[in-house]
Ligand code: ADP
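First, one chain by itself in C-alpha cells, the form predicted on its own.
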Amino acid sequence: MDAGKKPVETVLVVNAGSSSIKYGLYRADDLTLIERKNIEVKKAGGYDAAFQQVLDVIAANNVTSVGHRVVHGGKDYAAPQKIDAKVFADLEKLAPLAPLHQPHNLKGIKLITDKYPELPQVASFDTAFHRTQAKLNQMYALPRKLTDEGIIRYGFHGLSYEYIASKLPEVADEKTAKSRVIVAHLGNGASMMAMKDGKSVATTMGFTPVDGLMMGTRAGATDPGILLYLLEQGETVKGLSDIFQKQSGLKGVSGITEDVRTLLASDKPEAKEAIDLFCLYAARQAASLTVDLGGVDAIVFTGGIGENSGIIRDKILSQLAHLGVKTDTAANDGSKPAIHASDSTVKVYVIKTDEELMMAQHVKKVLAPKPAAPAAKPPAP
C-alpha cells in the first residue's frame, strides 16, 4: 500500500451456527466480497478459538462495522437493528427458543463489544422476514393468553428467504417472482416458505427451529403427546432437548449420520429409509403450503442440500407430480438454475443462497447517515 494511503473501509458479517462460524468481509462502499470463510468449531479447538479468528480479521482489516445473524428476534424485532445494551438484553431472553444458535450469536456480539466497544454492530434476524404473514398464519390453537405472551409461529431462515426473494426476478422473471412460490431451504436445518409478491405468507418452522421438516439432527413436526409421554416416563427437559434437536432427523432415523452425501452412498436400508422419510416430510409440507397460496406456480430449492443434491430434489418433486410438476432430468443433474421440463405447469429453480451478503446490505442500510431535515422556512413577512 502506498505510504499515507487510507486503507479500504470494510464491513464484516458473522454467522455463528451450532457447529461452525461463517464470516464474510466486504468493501464498505460497494459490498464487493473480499474474503469468505467457514470456520469449523471442532477443528478450530472450540468456540473461543473460532471467535478469536474473527477478532483477528477485525484487527487485520479496517473494519468499520459488523453485522450478525441472530436467529430469534421475537415479536419486537421485525427489521435489522443496531445493537445496544437493551437490544442485547432482549435477545438474551430469547436464547431458550433457539438454544443451538442464539447463545453463539450473542457470544460473538459480546466478544466484539468487549474488544472494540466503539465498533457499531447490527443484528439481522432470521425471524424478521416472516412478520409479513397474516395473524392467522402465525397463531397456534392454544389459549389466547399464551398467544398474547408471544407463543406464535415465528419462522426462520429469513435471511436466506429474503435473498431468494431479491434474486428470483433475475433468475426467472418479474411475473414468476411475484406469483405463488414455494421456497425450500434444505440443509442441516431445513424449512419451506410460501411466498407471494416477494413476501412470506406461511412457513414450516414455528415457535422454534425444531418444527416443520425433518432435518439433519432435528425431528421436525412431531406429535407433542410424545414429549408428554417421555416426560411421564421420567425423561428430563434437557434429555428431550437432546433427543429432538441433536439425536433425531436423518442422524436418528439412519443411526449413521446426518450427512446426506454419506447416506446416499450407503447400501444400508436404514440410510435409504432416512432419505426417503426426509423427502416425504418435504413433499407433504410443500403440498400443505399450496393451501396458503391457493396453488403453486414455482418452486425454488436452496441451502446446502437443496442446491447440491439432484437426487433429493427429484425424490421430493416426484411426489408433487399431481400438482403439475415435471422435472427435466438433464437440467436437474446440471448447473443451470431452471430444472423444470418444458411442459411442467410449475416452474422449478435452484438458486444458491447468500445470507452473508444479505447481512452486509442490512448493515449498510441501518448505519447509513440519515438525511438532514429540511431547514424551516422563515415566517412570511
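Here the structure is a predicted model, which is why all the values come from computation and not from measurement. Only the largest set of C-alpha atoms that superpose within 1.5 Å between the two forms is called the rigid core. Sequential numbering from 1, following the sequence displayed.
The protein also exists as the form predicted together with this ligand; that form is not presented, and the subsequent description refers to it.
The stretch among 182 to 190, 204 to 212, 220 to 228, 159 to 167 whose residues place heavy atoms within 4.5 Å of this ligand in the predicted complex is 182 to 190. Checked against this ligand in the predicted complex, the residues 264, 119, 139, 237 give one hit for a heavy atom within 4.5 Å, which is 264. Residue in contact with this ligand in the predicted complex (any heavy atom within 4.5 Å), chosen from 198, 74, 99, 304: 304.
For the three residues 32, 82 and 354, a heavy atom within 4.5 Å of this ligand turns up in the predicted complex in no case.
Heavy atoms of residue 364 never reach within 4.5 Å of this ligand in the predicted complex, leaving it off the interface. Residue contact with this ligand in the predicted complex: residue 259 places a heavy atom within 4.5 Å of it. The closest non-hydrogen atom of residue 147 lies beyond 4.5 Å of this ligand in the predicted complex. Taking the partner from the other structure, this ligand in the predicted complex has no heavy atom within 4.5 Å of any heavy atom of residue 113. Along 10 to 33, a non-hydrogen atom within 4.5 Å of this ligand in the predicted complex is carried only by 22. Taking 2 Å as the criterion, residue 333 does not count as shifted between this form and the one not shown: its C-alpha moves by less than this amount when the rigid core is aligned.
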